[in-house]
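Before any questions on how it binds or moves, here is one chain, the form predicted on its own, in structure tokens.
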Amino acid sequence: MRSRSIALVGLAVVAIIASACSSAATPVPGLKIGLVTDVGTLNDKNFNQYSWEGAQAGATAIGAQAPQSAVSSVSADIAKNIQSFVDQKYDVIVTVGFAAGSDTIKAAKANKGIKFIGVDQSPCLDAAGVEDPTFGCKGDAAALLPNLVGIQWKEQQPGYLAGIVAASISKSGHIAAIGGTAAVPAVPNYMLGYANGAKSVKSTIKVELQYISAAPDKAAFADPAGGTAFAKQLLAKFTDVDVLFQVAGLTGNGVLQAACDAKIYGIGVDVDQFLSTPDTAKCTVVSAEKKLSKNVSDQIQKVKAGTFKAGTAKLDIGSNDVGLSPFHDSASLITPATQKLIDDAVAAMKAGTLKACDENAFGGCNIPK
């Protein structure tokens, strides 16, 4: 009996050792995913943060290890951060923001074995496969760079809906929008849609459209104090403006603060800023929203599933990837008549009978000269 017990103990020990060796030899499951931020911070309560949350959700959905992030303090950091993930042999690299587009194209071209997901980007190449700064885009990006997908949205559509809201709740008939820079197409897309949506409600409404910076720099997207100062200057000049739409990332959070300080209505951008920016929730009526987290997560899951499709994923209201956030505490401002205007505009955009702006060949807005 004793010898049988010793034998069983021996077998158990062998089993434990074998199990431990097997466990040690088993690689960490799933893909290695890295995210490179746009200029700013990871917790910007806007584009970087929600893209990061999408990367985390995507990793969880496919059973991958937790993704890693690299923060870009200035534009020059973007290429360095991408290369760091390349050197560490990451499988998927997510880059955030229009400003990262060029560096992402270069990295994807040099590293065909890595999948790249460019948020707010649309790879534009000439016939030789070289990035085309003139935006002629005669090369087939999907064929020339089969490992890169750019996620873009028709921002003019949620912008248009936000404009309907702004015109409907304005008592003065004078509203405004402040953008980070016109150099990033998403910004004027939102703002031109906003102006057109407002004018669809009141043709005589006055709409101020102003930009903080000429470049996609820190002042444009990562300076809340600067956003507050810029907005206060606008409000001092146009004292009857009573609705203010921000399209400036973290800088825009300062714009919302200025709206709250002036006791006027604010409209957020990209994400539901009533939730993401609680300090200004009291005056944030609604946000013109992209489904950022979902869209980044979806692309990561496509990599794992083998359904990754290169080129540009142009997302719009037809696939419910853009729209308005809930109205939360401001729901009482939205009358049945205003809600009907919103619903009718959504239906018309989905049907293709309403364009939120004069669209160019890439689905964005032509900027009036």
Partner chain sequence: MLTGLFDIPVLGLVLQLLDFLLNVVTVNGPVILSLATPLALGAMCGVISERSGVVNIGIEGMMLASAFSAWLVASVAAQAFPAEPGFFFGVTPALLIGLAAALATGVAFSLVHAWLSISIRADQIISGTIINIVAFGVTAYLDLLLSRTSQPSGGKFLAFAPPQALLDLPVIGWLFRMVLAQGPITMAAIVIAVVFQVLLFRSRWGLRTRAVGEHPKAAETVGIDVIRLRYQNVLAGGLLAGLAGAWFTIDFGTTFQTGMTNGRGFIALAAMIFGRWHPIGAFGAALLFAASGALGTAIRTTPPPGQLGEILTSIPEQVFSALPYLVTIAVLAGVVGRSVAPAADGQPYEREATH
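Numbering follows the first chain given and starts at 1. If you superpose the two forms and keep the largest set of C-alpha atoms that fall within 1.5 Å, you have the rigid core. A quick note: this is a predicted structure, and the numbers were derived from the prediction, not measured.
A second form of this protein, the form predicted together with its partner chain, is not displayed here; the remarks below concern that form.
A.B. asks: Within 4.5 Å of its partner chain in the model of the complex, counting heavy atoms only, one of 37 to 45, 314 to 322, 57 to 65, 337 to 345 shows up; tell me which.
C.D. replies: Residues of 37 to 45 come within 4.5 Å of the partner.
A.B. asks: Quick one: of I114, A142, A219, V201, which gets a non-hydrogen atom within 4.5 angstroms of its partner chain in the model of the complex?
C.D. replies: Comparing distances to its partner chain in the model of the complex, the residue within 4.5 Å is A219.
A.B. asks: Which one, A281, I205, I169, V71, lies within 4.5 Å of its partner chain in the model of the complex by heavy atoms?
C.D. replies: Contact residue from the list: V71.
A.B. asks: Quick one: does A229 come within 4.5 Å of its partner chain in the model of the complex, counting heavy atoms only?
C.D. replies: Output for A229 is yes: heavy atoms within 4.5 Å of its partner chain.
A.B. asks: For Q257, is any heavy atom within 4.5 Å of its partner chain in the model of the complex, or not?
C.D. replies: Yes, Q257 is a contact residue.
A.B. asks: Mark P146 yes when one of its heavy atoms lies within 4.5 Å of a heavy atom of its partner chain in the model of the complex, and no otherwise.
C.D. replies: Contact with its partner chain, no.
A.B. asks: Do D261 and its partner chain come within 4.5 Å of each other in the model of the complex, heavy atoms counted?
C.D. replies: Taking the distances in the model of the complex, the answer for D261 is yes, it comes within 4.5 Å of its partner chain.
A.B. asks: Between 185 to 215 and its partner chain in the model of the complex, list the residues on our side with a heavy atom within 4.5 Å.
C.D. replies: Heavy-atom contacts to its partner chain in the model of the complex: Q210, Y211, I212, S213, A214.
A.B. asks: For S287, decide whether the Cα shift between this form and the one not shown is 2 Å or greater, given a superposition on the rigid core.
C.D. replies: Where the cores coincide, S287 shows only a C-alpha shift between this form and the one not shown that is less than 2 Å.
A.B. asks: Can a Cα shift of no less than 2 Å be assigned to S73 between this form and the one not shown, given superposition on the rigid core?
C.D. replies: It does shift by 2 Å or more.
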